[in-house]
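Just the one chain here, the form predicted alone, laid out as structure tokens.
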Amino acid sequence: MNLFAYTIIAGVMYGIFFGLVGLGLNIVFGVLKMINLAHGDFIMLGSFLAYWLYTLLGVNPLLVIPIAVATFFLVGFPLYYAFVPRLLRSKDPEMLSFILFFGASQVIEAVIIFAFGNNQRSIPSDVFGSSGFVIFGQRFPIAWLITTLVALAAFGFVYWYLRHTRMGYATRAVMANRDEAMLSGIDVNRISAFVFCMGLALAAIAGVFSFFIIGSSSPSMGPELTTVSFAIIVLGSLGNPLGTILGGLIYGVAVMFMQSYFSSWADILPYVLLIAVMLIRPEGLVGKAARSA
């Protein structure tokens, strides 16, 4: 019974974090209808930023959040305007985006390996204190609780942005129909650039706290995180950012069950979930909500 309770609670926290991992990828897809195959590499870059700030300057990961958000926004705008508008004007933007972002993923990984080596890096989990916390008689590291709260805050921000701001209303209009949004006078290019940068910033936040859930960071972790992110957003529904938390919860609980009871099969779970959803419910678990948003 103790193992079962631990598995459920840990799976929920694990899933909320991985919902954050997929959130940036899904919000970008919702607006641009492109899958950023370098998404996991931007998560990796966020983790390296946190690692170096902590190692060199002793900056607490919570204080890295505004630094990471500002940095990735500043990087995101020139990246967007250099590549994405040209992709959208091409005859086959989806295929070209796959090629571009796949190439970007390879370049990012190669540059980081060349600059810093391929060693794994980590931030000690006691950076937030050595005391744990107890839920239903099960003890967990305090770093897990803080990571969960940060992820929930990120989801809360995205919900507030989409439902309670003028830019959020415009973003939802672009998600629903890009051409109609343009005809109605919405600056689609500006909205797309902002959401692209937001997606990178959310990836960076996930990277900052990845140490406490995943355990370590390495330059080669990007493609695997992209695969997991894609599985999660397909579970929740492609193009529905708030459905990502449902996909993350399902993934997190399933992974914890696999690790607890069938550990040798845990690595193939993202692919099994992805295939199952595509065969049974290709629109995702909340696909109708996405279409009516």
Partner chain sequence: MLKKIFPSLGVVLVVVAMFLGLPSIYSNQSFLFNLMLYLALAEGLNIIYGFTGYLPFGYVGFFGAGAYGSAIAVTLLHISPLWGVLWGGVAAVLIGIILIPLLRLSGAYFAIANLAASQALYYVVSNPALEKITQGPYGIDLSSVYNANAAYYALLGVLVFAMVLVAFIRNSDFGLCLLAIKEDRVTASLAGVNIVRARSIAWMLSAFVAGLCGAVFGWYSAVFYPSTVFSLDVSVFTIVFVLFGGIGTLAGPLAGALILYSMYNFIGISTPQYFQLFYGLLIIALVLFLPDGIASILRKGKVYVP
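As the structure is a prediction and not an experimental result, all values here were calculated from the model. Residue numbers count along the first chain shown, from 1.
Not pictured, yet referred to below: the form predicted together with the partner chain.
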Open item on the list: Is residue 99 near the partner chain? Define near as a heavy atom within 4.5 Å, in the model of the complex.
Closed with: yes
Task: Heavy atom of residue 139 within 4.5 Å of the partner chain in the model of the complex - done: no
- [ ] Report yes if any heavy atom of residue 268 sits within 4.5 Å of a heavy atom of the partner chain in the model of the complex; otherwise report no.
- [x] yes
Task: in the model of the complex, residue 54 touching the partner chain (heavy atom, 4.5 Å) - done: no
Task: Region of this chain that lies against the partner chain in the model of the complex, out of 207-215, 105-113, 131-139, 193-201 [heavy atom, 4.5 Å] - done: 105-113
Open item on the list: Just to confirm, with a 4.5 Å cut-off on non-hydrogen atoms, which of 255, 242, 35, 225 contacts the partner chain in the model of the complex?
Closed with: 35
Task: Partner contacts for 181-211, taking the partner chain in the model of the complex and a 4.5 Å heavy atom cut-off - done: none
